[in-house]
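Listed next as structure tokens is one chain, alone, in the form predicted alone.
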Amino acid sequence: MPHKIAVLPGDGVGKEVIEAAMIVLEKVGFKATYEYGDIGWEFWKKEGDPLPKRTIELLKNSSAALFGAITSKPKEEAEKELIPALQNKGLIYRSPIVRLRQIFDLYANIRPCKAYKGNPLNYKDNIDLVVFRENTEGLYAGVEFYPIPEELRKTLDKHPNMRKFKDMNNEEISISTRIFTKKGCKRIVKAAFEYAKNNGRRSVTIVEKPNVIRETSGMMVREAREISKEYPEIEYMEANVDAMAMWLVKNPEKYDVLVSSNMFGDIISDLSAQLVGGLGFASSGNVGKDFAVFEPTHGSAPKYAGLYKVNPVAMILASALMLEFLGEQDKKQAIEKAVGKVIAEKKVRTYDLGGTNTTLEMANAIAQAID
């Protein structure tokens, strides 16, 4: 029975890279039914919801989802773009992809960063690492306050480090929480070690900041140390996030699997992506127990929308990750091999690679390279 795949093109170039991925999925022989869903800025503007309930229902009845790209803007700008009938109604824009991660408990954000030989943007040709980022907690959980409620302020004022804020009123302070749970820490670290074990990876490095953020980063490191004992064949390492940024630039080939919390993982994975060619090569999977959403990590790039100019490799590699999730390992490897072949041949290149080929020309070249 074919898989049912929800397709969410989203905004801007998201529609174009999805189109490119479909060319490659058809060529590799992936059997599925596709149903397109509504998501993105136009639905925020006219409905006040960039992730309509009908789309959530679609996803609940799908095997997995492909997601293109999304436009996001600050709170005040977002409200101004609502249709007049929806303005001043108290509607607040929230990122649809963050909501999807939380609604479906897609706790693991998995971002492979591999250098393909022949890519002129590679920092080094021997980089092949994977970042595991906790996807539902931490600073991106959305538990924020402004102004601070009086009851919360009373509790906070009991903390000795609040003395420096004692002369400020509640409207002079905003708070974004960084919430960790033992469950969240354990399962993302466990996922990283299981991936390393199943894919012949030699090491797992926890990336946090426990010397300063003692309670939350401390919890993550403590749980990682315990879990690492279950995998004696895999080298376990620890790094502070600021030092990790330096070491990735200095010797990225030293690292194999990195695991971190939500915001730190976001930053480290973007840095790692740039080492292997930038966001045009940066794919990711938002993976839960029984469902997953796969996407490129680039944005909607409004200035390029409709030009079919951007590099579709990130989206194509995201579709390969989806195939792996669905048990289609051979097809996943065929796509990755084809991408490597096209990059190595240097005949078809989008603008970011110094060429003039279009999004769909790149997709067709990869499709033709599939054995």
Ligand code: IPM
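Just so you know, these numbers come straight off a predicted model, no measurement behind them. Sequential numbering from 1, following the sequence displayed.
Beyond the structure shown, there is the form predicted in complex with ligand IPM, which is absent from this document and is the topic of what follows.
Asker: Quick check on this chain: which one of N240, N170, Q274, S95 has a heavy atom within 4.5 Å of ligand IPM in the model of the complex?
Answerer: Here the answer is residue option S95.
Asker: Which is the contacting stretch out of 146 to 154, 132 to 140, 82 to 90, 118 to 126, given heavy atoms within 4.5 Å of ligand IPM in the model of the complex?
Answerer: It is 132 to 140 that comes within 4.5 Å of the partner.
Asker: Just to confirm, D256 within 4.5 Å of ligand IPM in the model of the complex by heavy atoms?
Answerer: No - in the model of the complex, heavy atoms of D256 and ligand IPM never come within 4.5 Å of each other.
Asker: Hey, in the model of the complex, does E223 get a heavy atom within 4.5 angstroms of ligand IPM?
Answerer: Contact check for E223: no, nothing within 4.5 Å of ligand IPM in the model of the complex.
Asker: I'd like to know if E295 sits close to ligand IPM in the model of the complex, meaning any non-hydrogen atom pair within 4.5 angstroms.
Answerer: Yes, E295 lies within 4.5 Å of ligand IPM in the model of the complex.
Asker: Given that the partner is absent here, does K209 sit within 4.5 Å of ligand IPM in the model of the complex, heavy atoms only?
Answerer: No, K209 stays farther than 4.5 Å from ligand IPM in the model of the complex.
Asker: For the heavy atom contacts within 4.5 Å of ligand IPM in the model of the complex, list the residues of 265 to 294 involved, in sequence order.
Answerer: The one in contact is D266.
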